[in-house]
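In the structure tokens that follow, a single protein chain appears in two forms: structure 1, then structure 2.
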Structure 1
């Protein structure tokens, strides 16, 4: 165990084999709160068991194994070492590193870590109270355990993809690896729960996580509706990802605004909201649908929702989205302009006040902006200042200061291909 340094997790050391998003995102969270996370990478293939290393996007015209933007974003505040685990000396050094670590993390496919000679039982022989956290597509038990996944596959198998779309259209999916990111959050929680358990009992444990089961757990309302009411998710006019079914709110959705690909989100929660929307529309000279008796009640608006959505779209399409959203908000209506990424990152005052996009210093890229953490702790807040490690950047510190090797031996091990 490390000496506490005043941060929330400054007493924790993690020997980290995670990669991509679902694993690296979890250990990024813990590193931001002070855990010493030591990434293990393979020197013989330029660390490419994490396929994001060296990949897009890039800060400038430079390219190289240390210049990948996605890898940097998910590995800030971590240390990076190289170890060739196919060599005996590499395995010996790993065992020494495990001896001084609290947690081992990985998100390989089921069985990969065991084939490396690192099953939970073998890890326990190195350190009895070790916490081993694995995060793979289907976990290590059940008929799907041997299958490999990626975020979009997890979303499809778990049912999330099926739930996203418009009536009478194919499932829209999510457009990106939603469950890679969400799986990282679940993994971070799992690590913290295991650490708490060890703090209380003194015992380590193996945490076996299935990213697909984590995705399935997000289908709760749809599963409850089918179980209790016998209503399948796909039925006439459902799903409609723009509309609210529970509770029912009409109008509720994303409506066009003035200009190309500009939109405004509006949620009419109750009759007070409806009256406010009608008043603002009437002030603009729009009176037909605001006085239509079909829309006087929620039941009527639900029954004629298609017609109402068309009418609201014609109205909103005449106005600049931010200005109209401000008028609706002033009247107490839940509404906002649909922001594009650049607007949210660069122009939203709340983003700056929150500090959501900190700038880190990367050894080769220089100053780069990255994702922050969406929570703040009043006493032990996160800190993100250091960019992701270049390949093997911290070999001298980890193998020298932590494991006690001298500079000559470290240089020799590098020459031999161990580091």
Structure 2
């Protein structure tokens, strides 16, 4: 265990084999709260197992293994070392590192870690109270244990792609790896709960995370509607995920606003909201829904929802989305412009007041903004200042200071391809 340094997790050391986002996102969160995360990469392929390492976006014209923007985003505040585990000396050094680590994390396909001689049992032989958290598509057991995934595949198989979309269209799914983010969140929770349990009992354990199971656990009410009432989500005119069935709200959706690809979201939660919406719409002079008998109750609005959505679109389409959302909010109605990236990053009073986009210093990229953390702790808050490590950037510190190798030995290990 490390000496505490006043940060929340300053006493925790993580020997980290994660990559991409599904794994790296978990250890980023822990690193931001002070955990010492030592990211281990394979020198023989320059850490390319993580396909984000040198990938887009780029800050400027430069390209290279250390210049990937998404890699930087997901690996801030971590240390980076290279270690070739196919070589005997590499294995030995890894064992020494595990001896002084609290947690081992990885998100390889199932079986990879075991083939490296690093099954939970073998890890326990190195350090009895070790916490081992693995995250893969289908977990380490069951008929699909060997199947491989990335975010969109997890989303497809877990039911999340299907539950996002419009009737009479294919699934819209998620325009990003929601389950890479969310898989990382579950991985972070698992690590922290296992640490707490170890603090109480002295025992480590293995957490086998199957990302598709984590995804499948996020559709609970729809699953109960099937298992209890026999009503599947796959049925005519279903799903329509811009509408709200639980609870029933009408109107409820994303409607066009003035301008190209401009949209406004409105949720009418109750009769008070409906009266406010009617009054603002009537001000525009185009319509007075209060005198329309089709819409004078929730059941009527549900029955005539298609007609109402068309009428709402005609109304909203005439207005600038931020101004209309502000008018609705002033009347107590939940509404928002569908914000574009530049708007919510650079012009959103909430995200800037929060300090959501910290600037880090990256050794080669320079100053870059990254995703921050949407929680603040009153006593031991997060800190994100250092960019992602360049390949092997912390070899001297980790192998020298932590494991006690001298500079000559480190240099010759580098020469031999161990580091």
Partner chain sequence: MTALTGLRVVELSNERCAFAGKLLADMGAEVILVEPPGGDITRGFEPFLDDISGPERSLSFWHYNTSKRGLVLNLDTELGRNVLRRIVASADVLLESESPTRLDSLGIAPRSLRVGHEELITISMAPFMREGPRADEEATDLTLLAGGGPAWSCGYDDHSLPPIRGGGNQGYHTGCHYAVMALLVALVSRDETGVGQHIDVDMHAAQNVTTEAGSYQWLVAEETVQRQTGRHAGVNPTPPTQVQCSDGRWVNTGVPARRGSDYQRVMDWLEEVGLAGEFPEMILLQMGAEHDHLGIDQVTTDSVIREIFQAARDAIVLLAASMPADEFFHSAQERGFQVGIIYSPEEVMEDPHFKARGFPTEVQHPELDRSFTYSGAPYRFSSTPWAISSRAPLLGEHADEILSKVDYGDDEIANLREEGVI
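Positions refer to the first chain, counted from 1. These numbers come from a predicted model, not from an experiment. For the two forms, the rigid core is made up of the largest set of C-alpha atoms that agree within 1.5 Å on superposition.
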Pick the form predicted on its own out of these two and give me its number. 1
After a core superposition, would you say residue 235 shifts its C-alpha by at least 2 Å between structure 1 and structure 2? yes
